[in-house]
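Just the one chain here, the form predicted alone, laid out as structure tokens.
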């Protein structure tokens, strides 16, 4: 029997103290989330700070941060009737066209769902407009709507519906309708795909059980289909709403904000402020103001989506 004992770790027992093990565990977790934090810093934090710095400074395209101006750009932006009008028109356009596209896309998806196997093939076909670059969509619709030699005017004249060509892009209301139609043609297939995916998640047995209970088509749609896809539909509407708030390419190609400022969206107004007038500081302030407006406008939809999700749980 020896007088000395050595405290050797057992097989599988850690050599570190409990405190060191906790620190190592926390360090390991930090390493896992470090890439995410770095990506957020590069893609979100840095652009936001840079945008704020531009908004409170006198900046042009060639010479940023020439001097501190405080909230001057924000005050000027909030008193600019042209930009405020552009925000109002952008909100009205986004809310209305997104709702219309959601309704139309959902109806088409319902039709595709009823076609069973053919529905998956048709969903691939309707993706074609979505694959077209936005610039080409604008050019195509500008050629269709042109007063001289345009397809639509030529068709209407040939059927005797009009005697003189109509300047669709020269009238404020018709120009907005033309932008909405082009947007509808381009983005409705995207909504159809998303709605079709949402409808595909409904188990077949649910409808079969309702059919056995004697429910007609309208009752199955209203009491089964619509409640089960309410949460996905609200997400789709929110996504399309955000895309519509960023309206720029169709306005640039079809109307360039005209006639006058009639079809100037908020995004196009910011572009003209920064690129045509070289006032980058003011454009940054307009961007921040418009971003806050988008957040407030989409907040009810976010709350509605959360309510639908809680109901499902």
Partner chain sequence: MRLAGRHLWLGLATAPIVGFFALPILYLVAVSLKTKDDVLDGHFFPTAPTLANWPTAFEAANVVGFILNSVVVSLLAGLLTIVLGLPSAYAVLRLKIGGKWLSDVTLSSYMAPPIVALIPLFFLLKATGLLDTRAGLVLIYGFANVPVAFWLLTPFLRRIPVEIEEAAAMDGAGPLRTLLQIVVPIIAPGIVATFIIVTVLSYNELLFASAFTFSDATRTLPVGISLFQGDRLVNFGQMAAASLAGIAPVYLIALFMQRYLVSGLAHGAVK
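Between two forms, the rigid core is defined as the largest C-alpha subset superposing within 1.5 Å. Positions refer to the first chain, counted from 1. Computed from a predicted model, the values in this text were never measured in an experiment.
Here the subject shifts to the form predicted together with its partner chain, a form of this protein not shown in this document.
Undergrad: Counting any non-hydrogen atom inside 4.5 Å, which residue from 47, 67, 70, 260 sits next to its partner chain in the predicted complex?
TA: Of 47, 67, 70, 260, the residue with a heavy atom within 4.5 Å of its partner chain in the predicted complex is 47.
Undergrad: Quick check on this chain: which one of 178, 94, 102, 194 has a heavy atom within 4.5 Å of its partner chain in the predicted complex?
TA: Answer to the contact question: 194.
Undergrad: Which among 202-210, 218-226, 86-94, 137-145 is in contact with its partner chain in the predicted complex, heavy atoms within 4.5 angstroms?
TA: So the stretch in question is 137-145.
Undergrad: I'd like to know if residue 166 sits close to its partner chain in the predicted complex, meaning any non-hydrogen atom pair within 4.5 angstroms.
TA: Taking the distances in the predicted complex, the answer for residue 166 is no, it never comes within 4.5 Å of its partner chain.
Undergrad: Heavy atom to heavy atom, is residue 128 within 4.5 Å of its partner chain in the predicted complex?
TA: Flag for residue 128 set to yes.
Undergrad: Does any heavy atom of residue 77 come within 4.5 Å of a heavy atom of its partner chain in the predicted complex?
TA: No, residue 77 is distant from the partner.
Undergrad: Just to confirm, residue 287 within 4.5 Å of its partner chain in the predicted complex by heavy atoms?
TA: Heavy-atom contact with its partner chain at 4.5 Å: present for residue 287.
Undergrad: Quick one: name the residues from 255-281 with any non-hydrogen atom within 4.5 angstroms of its partner chain in the predicted complex.
TA: Result: 267, 270, 271, 274, 275, 280.
Undergrad: Please determine whether the C-alpha atom of residue 61 is displaced by 2 Å or more between this form and the one not shown following superposition on the rigid core.
TA: No, its C-alpha moves less than 2 Å.
Undergrad: Is it true that residue 28 shifts between this form and the one not shown by 2 Å or more at the Cα, once the core is aligned?
TA: Where the cores coincide, residue 28 still shows a C-alpha shift between this form and the one not shown that is 2 Å or more.
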